[in-house]
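Next up: just one chain, as structure tokens, the form predicted alone.
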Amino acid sequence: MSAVVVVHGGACAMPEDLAKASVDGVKAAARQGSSVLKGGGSALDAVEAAVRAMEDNPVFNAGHGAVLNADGEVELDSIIMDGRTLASGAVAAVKNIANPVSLARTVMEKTSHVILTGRGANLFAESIGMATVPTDELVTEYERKEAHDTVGAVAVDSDGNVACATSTGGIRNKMVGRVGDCPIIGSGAYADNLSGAVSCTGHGESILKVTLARLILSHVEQGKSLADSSQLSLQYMGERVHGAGGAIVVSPSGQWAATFSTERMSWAAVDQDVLWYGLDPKEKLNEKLGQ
């Protein structure tokens, strides 16, 4: 079985001056995840590595480059999920953590809980020795512009295990303590070896209302293709709650799709030594990876 990783850098009306950097960023993140898989790493390891790469990239609204809330603070959300066991870990409204996806994974592996929020998440980070960074280190010049959205990754490894991870700084000028879809299991992400793995992006409140990640997989379970399942679910969200967004999906057999109802979504995938990527609707470019 071929191992596959797919990443997204957010679905939105992305300004032209951020477009190239965003596409370059998702391509680099997909390569990072792929190298983990090629080295024998699990799907879980791959999605964490890919999302960390985007959290470290100031172009994206996650980790470094996150947007500010109404109080001028950064509050970060992230989730990771293992399709083999349905184990999941998430953090919400966490402050001053450069890589919340890794904190989410530690919640999954070192506690009996799924979600830790706010002060509790930070206290947990402190207890495991995770370094904090000053807020001004997480905020960049990109934040002053119309930054784009959530980042995420899905992967299947050579054992047929799937995993997903999603991370975000939320929406600009959000109320203090606001939590969107990202860290909520079944909304911002979901992974199950019986159907596939999904990471979502877009308007968080809309995604929450239709539990978008789980909705997509319910269509997959009914025998629809990944692309059709994503399209139908995004269409339903648009009609039902007037929200737009995007999703990346991978199946245990290595099929994948990147779909969105917004103007743009940066995405990239590595499948059998070919790097696929795109930004605009119906755009699907590729390049051969170096041997």
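All figures in this text were calculated on a predicted structure; none of them were measured in a lab. Numbers for residues come from their place in the sequence shown, where the first is 1.
Keep in mind that the form predicted together with a further copy of the same chain is missing from the display, and what follows is about it.
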Q.
Using a 4.5 Å heavy atom cut-off, which residue among E73, E126, E109, D159 comes into contact with a further copy of the same chain in the predicted complex?
A. E73
(Q) Considering non-hydrogen atoms and a 4.5 Å limit, does a further copy of the same chain approach M81 in the predicted complex? (A) yes
Q: Determine whether any heavy atom of N96 comes within 4.5 Å of a heavy atom of a further copy of the same chain in the predicted complex, and answer yes or no.
A: no
(Q) Please tell me whether any heavy atom belonging to V179 falls inside 4.5 Å of a heavy atom of a further copy of the same chain, as the geometry stands in the predicted complex. (A) yes
Q | T132: touches a further copy of the same chain in the predicted complex, heavy atom cutoff 4.5 angstroms | A | no
Q) If contact means any heavy atom within 4.5 Å, which of 240 to 248, 49 to 57, 32 to 40, 226 to 234 contacts a further copy of the same chain in the predicted complex? A) 240 to 248
Q | Residues from 165 to 189 in contact with a further copy of the same chain (non-hydrogen atom within 4.5 Å) in the predicted complex | A | I171, K174, M175, V176, G177, R178, V179, G180, I184, I185, G186, S187
